[in-house]
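Same protein, same chain, two forms; see structure 1 and structure 2 below, as structure tokens.
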Structure 1
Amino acid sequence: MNVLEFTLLVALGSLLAGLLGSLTGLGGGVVLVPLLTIFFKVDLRYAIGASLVSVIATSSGAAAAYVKEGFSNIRIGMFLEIATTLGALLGAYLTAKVPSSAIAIIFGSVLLYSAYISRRTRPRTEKADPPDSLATKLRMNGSFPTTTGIRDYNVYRVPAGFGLMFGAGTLSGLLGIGSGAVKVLAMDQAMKIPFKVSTTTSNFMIGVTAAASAGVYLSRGYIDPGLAMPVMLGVLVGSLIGTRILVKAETKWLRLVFSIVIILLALQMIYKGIAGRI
């Protein structure tokens, strides 16, 4: 395969990953690394570098649309960014120390977890607990527009959320993914932030977190221009098409299909890691 054929095939695969990722809300990054390593036989470090770059592109590209809706809470995002960027530095540092086989196994496990969390329905008991004093001091409590008017919300368990965010940042730096699933877990489950607020705030945080590890990746030589070019452009175009047709598309079966694809890729990554063939 010559460079031109390779570039076109990788661009096509990345376009599909970006399209499915944006249609299902799971993000294209999660399938990129398995796609590149398993099907295109790319070294894990180059794959992680290219994936991370595409994560920044989709996060920054979608920010304008999310902001207009008025859901994201920039104070929560900025405060938690301290944890995710520090975690991302640690994760990017660890990629050089942890063997590829272990990274593949961790990657597979995170994929399985992402697929699980996307299938789960969340029963939510809305209790009006008294506001948390730390969250109040940090001015995190906010409001967002709903069809029935402005809804106020309170934020809880800030230290637990901060700790989980450090973990999310570490995984992001280690695996070159946005780790949106862990970010939403921290905000939605631990801090009791409404789902729409946590998903849009998570999108904002993903780009900043990825930028923190991108600097380290770049200086280590993990970001190869020849590979990152088709991946970044493909994912960007795919996710832009995805947001355009999102309103019309029936996403229920798509989510199911994509979840199955993710589970298969996860098992493949774990198998390759255990067999030491990555």
Structure 2
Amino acid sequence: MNVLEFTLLVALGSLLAGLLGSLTGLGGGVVLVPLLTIFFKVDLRYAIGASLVSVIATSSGAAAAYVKEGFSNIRIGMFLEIATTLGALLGAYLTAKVPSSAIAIIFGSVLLYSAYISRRTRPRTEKADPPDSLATKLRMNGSFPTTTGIRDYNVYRVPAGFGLMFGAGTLSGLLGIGSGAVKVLAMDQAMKIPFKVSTTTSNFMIGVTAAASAGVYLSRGYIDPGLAMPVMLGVLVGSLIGTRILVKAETKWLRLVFSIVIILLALQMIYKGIAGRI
């Protein structure tokens, strides 16, 4: 395979990753890291560096469209970014201390748990709970458009969500995934935010988280422009396509796609990590 063929294939794979990342709030990195390491034999840390650059591109491409459509909750995103940015700096520091095989196993384990949790839909009775006092003081409650009109929602368990976001940021810096899987689940399950709002707000947040840890990877020489460029362009195009699909997509199908993609990738990464092939 020559350089041109490699670049085109990486760009195509990145486009698909960006599409999935935009639809599910994963940010594309969750698909890109296994894609680059398993199929293109790229060193894990260089794959993570390229993934972080692509995550910034995904956030830039998808977030603006979701904010315009009225899906993303900017107040929630900006508040939770305090925790994820601090976590991302910690994760980026730890990446030089943890072996690649261990990172791969952690990556896969987190994804498997994310897939399990994402299939658990919340009981409808929880939607009638009274508003959370802290969320109300922070003016986090909001609304988003649906096919039947504007739907209002309340936010709950803000401290739990903040703590989970610190963990999500740490995973982002360590694994280069944008931590979208953990962010979506923290907002959807812990804070009881509607799934579409969770995924779109995650897309809004991941760019800031990735930027915090990308600087560390850049200083260590783990970002290769020749690899990062086709990855970034492919993910950007894919994320813009995904924004048009998500607006009309059913939540149950988004959950299904979310689960299937990360289960397959999790099993691959765990196997490669245990076998020492990464």
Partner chain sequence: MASSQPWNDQRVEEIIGNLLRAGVLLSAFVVLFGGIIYLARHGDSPANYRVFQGEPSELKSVTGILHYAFALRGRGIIQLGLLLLIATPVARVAFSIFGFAAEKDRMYVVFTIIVLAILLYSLFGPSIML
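Numbering runs along the sequence of structure 1, starting at 1. Computed from a predicted structure; not experimentally measured. Whichever C-alpha set is largest while still superposing within 1.5 Å between the two forms counts as the rigid core.
> Pick one: is 1 or 2 the form predicted alone?
Only structure 2 matches the form predicted alone.
> Quick check on Gly149: with the core superposed, does its CA move 2 angstroms or more between the two structures?
After core superposition, the displacement of the Gly149 C-alpha between the two structures reaches the 2 Å mark, so yes.
> So, with the core fitted, how far does Phe258 move at its Cα between the two structures, in angstrom?
After core superposition, the C-alpha of Phe258 moves 9.5 Å between the two structures.
> So with the rigid core superposed, the C-alpha of Leu15 shifts by how many Å between the two structures?
Reported C-alpha shift between the two structures: 4.4 Å at Leu15.
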